[in-house]
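Encoded as structure tokens, the following chain is the form predicted on its own, with no partner shown.
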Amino acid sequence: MNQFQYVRPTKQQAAIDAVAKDATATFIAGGTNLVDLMKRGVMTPQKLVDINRLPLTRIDADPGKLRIGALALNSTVADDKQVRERQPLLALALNAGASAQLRNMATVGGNMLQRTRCSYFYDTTMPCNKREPGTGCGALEGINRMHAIFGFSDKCIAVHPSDMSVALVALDATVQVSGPKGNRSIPFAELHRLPGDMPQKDTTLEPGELITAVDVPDGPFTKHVHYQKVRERASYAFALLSVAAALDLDSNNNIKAARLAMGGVAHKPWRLTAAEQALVGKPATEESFRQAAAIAMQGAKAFQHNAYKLKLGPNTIIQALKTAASVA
């Protein structure tokens, strides 16, 4: 691990200034991802700006939404009574992520910003455009069984690893950001980027911008929700593929509204809006779910080792929707 300077400001603006004025600086909170990357030499910041003293841990029930501070711990959010009652899909996704020990350290803001778990990104002896632009993508012709089937480019086929983010994109969350130019709001669907020609840039955040909170709007999705995560082992493991599903059903079991998103399939959490629209007005039956799953998978393309996702994807969508429909 490289040597670095460590500062721990108590004021938000001081933290922002410390990163905005130093291109070698980065924020650190729980450190559950960043420290690993530093140990491996994947990231080598010269200054760490510890933001844990900032007052960003609250979970507030504002009119029409929950506002969750960026420094709220994943375990705290998942267990919060307001979250479980008003946004149960988010609680399910958080509890599916990582291990209990990591959830006790990881923060909401850090969870959004974690880097890909692509083995070529983590191995500094291998080519990786995300880690070192212009060197190539080792996964393209390498072992790519964990990799993207949507939204990839010839520069990068890595996937975003966050479970929480899959639920947040499905729930139309909004990220609150503060930076050198002031405050702004970013729709969650616009926070993360597809790789394009700049896979090294994961998000639309500007230099020095700090995530301060995420707003999750109230909605009808408080009963019929499910987070389906497929992984290689039941204990701590990243998703081969996951699905966040939420349904609003009428008294005749017809679908009034739906929310669907996938994880483990793209460089960003992958919202399935066309499949959502196809479900509206349909009965909550396996046939309806099968039709929606087929729509959701349009445009998917596999590589040598991840063709299984083309079958796993629709099957997981169907199962997630069936489970969500049966929950009351």
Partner chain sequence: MAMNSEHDTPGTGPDEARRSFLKQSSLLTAMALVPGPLVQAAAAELDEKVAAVFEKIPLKLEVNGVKHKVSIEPRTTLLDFLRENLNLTGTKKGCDYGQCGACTVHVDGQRVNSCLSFAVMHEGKKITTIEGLAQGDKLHPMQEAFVKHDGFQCGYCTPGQIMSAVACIREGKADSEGEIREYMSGNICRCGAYSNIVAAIQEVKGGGQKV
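Positions refer to the first chain, counted from 1. Quantities reported herein were computed from a predicted structural model and do not represent experimental measurements.
Absent from the display: the form predicted together with its partner chain. The rest refers to it.
A residue is said to contact a partner when one of its heavy atoms sits within 4.5 Å of a partner heavy atom; residue 322 fails this definition for its partner chain in the predicted complex, lying far away. The shortest heavy atom separation between residue 124 and its partner chain in the predicted complex is within 4.5 Å. Within 4.5 Å of some heavy atom of its partner chain in the predicted complex lies at least one heavy atom of residue 38.
In the predicted complex, its partner chain sits beyond 4.5 Å of every heavy atom of residue 327. Comparing 163-171, 233-241, 214-222, 178-186 against its partner chain in the predicted complex, the single stretch with non-hydrogen atoms within 4.5 angstroms of it is 233-241. When its partner chain is considered in the predicted complex, only one residue from 198, 249, 140, 102 comes within 4.5 Å through any heavy atom, namely 102.
In the predicted complex, its partner chain lies within 4.5 angstroms of at least one heavy atom of each of the following residues of 20-54: 28, 29, 30, 31, 32, 35, 36, 38, 39, 40, 41, 42, 44, 46, 48, 50, 52, 53, in sequence order.
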